[in-house]
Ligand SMILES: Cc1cc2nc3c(=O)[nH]c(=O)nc-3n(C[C@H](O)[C@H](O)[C@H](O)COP(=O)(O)OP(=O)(O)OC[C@H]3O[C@@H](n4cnc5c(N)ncnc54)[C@H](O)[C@@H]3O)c2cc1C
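For reference, the chain that follows is the form predicted on its own, supplied as structure tokens.
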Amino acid sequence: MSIQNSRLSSEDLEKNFSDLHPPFDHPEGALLEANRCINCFDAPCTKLCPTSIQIPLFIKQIASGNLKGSAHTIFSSNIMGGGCSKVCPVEKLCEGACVYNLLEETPIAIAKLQRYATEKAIDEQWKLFTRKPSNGKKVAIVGAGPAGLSCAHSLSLEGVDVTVFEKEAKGGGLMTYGVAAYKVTPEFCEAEVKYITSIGGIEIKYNQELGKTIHLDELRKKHDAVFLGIGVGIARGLQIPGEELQGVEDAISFIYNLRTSDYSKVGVGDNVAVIGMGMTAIDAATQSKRLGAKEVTLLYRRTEQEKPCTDVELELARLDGCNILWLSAPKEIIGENGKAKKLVCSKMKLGAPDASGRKSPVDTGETFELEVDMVIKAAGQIPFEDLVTKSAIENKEGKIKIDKSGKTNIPGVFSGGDAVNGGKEVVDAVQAGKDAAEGILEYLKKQTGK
């Protein structure tokens, strides 16, 4: 057993990492699907969209041939509506709320229709918004992820000059670096960032990291307000013996390498164990299998009923041939010559509910072993507690505290997205950016009296 790259041919890799949800082959397909929508009054799909996209309206606009109007409707609520159409867990949001589910019929393909309209707009660079003249106000945004870009676009529309500071070499945040490669391509992410900034008044400065190349005090002095959209990114450790062995890595790094390298250059083991059952864990497991791993096993310390991923994501892992072990928790990684060789797991049972409301996993004292050469840690991410604490930002275990307008305890400093909630969906971050932009605009108005 060993970790190797180039396990599969370039043709197989291209096939394995091709678009998971292909677009409509022909416009007629989109029109037929759009005409299935019954345009519900007080539509449940819109209610379950965190950005409140007027879904029946944009679908009706597609059906009537008004594609530009449809794209405008989507982007007015969610400027990252293109990316969200590819990565949103629509089965628990808009499509899950579609009334057709109650009739035991296939729900409207909302995400596919949303992709149809937004991709056209991005590809052809439709100018759907007009920026107000610059009002002389300057806002710094830290992080070019969904929250930061959403905030930047909303502010720029109102004439605010925005400078975005991004620690990576490209914008997009989680969309660019943290999502399975078969869901959204780096090329699309780059095009989406370009489209968002094409409104004008937004400058992105790359390779600028808070606490290292830039500092909050400096940003405050040079700008009228600051928005922190730093997200989360520190992988939670397993806190078990053997975690330092070769072949043990975190899912964030594994997916990052896939997003920034040629697939053939990313190594994967024969027998891979993935610890966790969230979306990141699923992405790591399925991509390990698609890179050529022989056996991939997902381990989760609770039962299927408590899983954090969706049924659709879990089914994807099963279809890719991943093994699922419930009520199993890592106890120790045993190595040989410095490399991971065995994973010792504890058999668990469920006890009383914990703070999350889910039943707590309790160790039964029984163990079992798995032969492994690679262990991927996907047990969650933790906020940048040291960073925000050193910046004197009030927080709870690293999660930044804000009021309803997005303000932190520091005057003129706002935040939102994963940095505040600890990690939700891309669409939630987009809405957080919009909400913070409203708060910033109100703050700037009070400062100037205009």
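Note that residue numbering follows the sequence shown and begins at 1. Please read these numbers as outputs of a predicted model, since none were measured by experiment.
Not pictured, yet referred to below: the form predicted in complex with the named molecule.
Contact with the named molecule in the model of the complex, judged by any heavy atom within 4.5 Å, is made by just one of 361, 242, 247, 89: 89. Just one of 216, 327, 108, 252 comes within 4.5 Å of the named molecule in the model of the complex, counting any heavy atom, and that one is 252. This chain is displayed without the named molecule, yet in the model of the complex the stretch 377-385 from 377-385, 65-73, 28-36, 49-57 comes within 4.5 Å of it by heavy atoms.
Among heavy atoms of residue 144, some come within 4.5 Å of the named molecule in the model of the complex. Taking the partner from elsewhere, residue 426 is found to have a heavy atom lying within 4.5 Å of the named molecule in the model of the complex. In the model of the complex, none of the heavy atoms of residue 161 sits within 4.5 Å of a heavy atom of the named molecule. Heavy atoms of residue 209 reach within 4.5 Å of the named molecule in the model of the complex, making it an interface residue.
Along 401-417, these residues reach a heavy atom to within 4.5 Å of the named molecule in the model of the complex: 416, 417.
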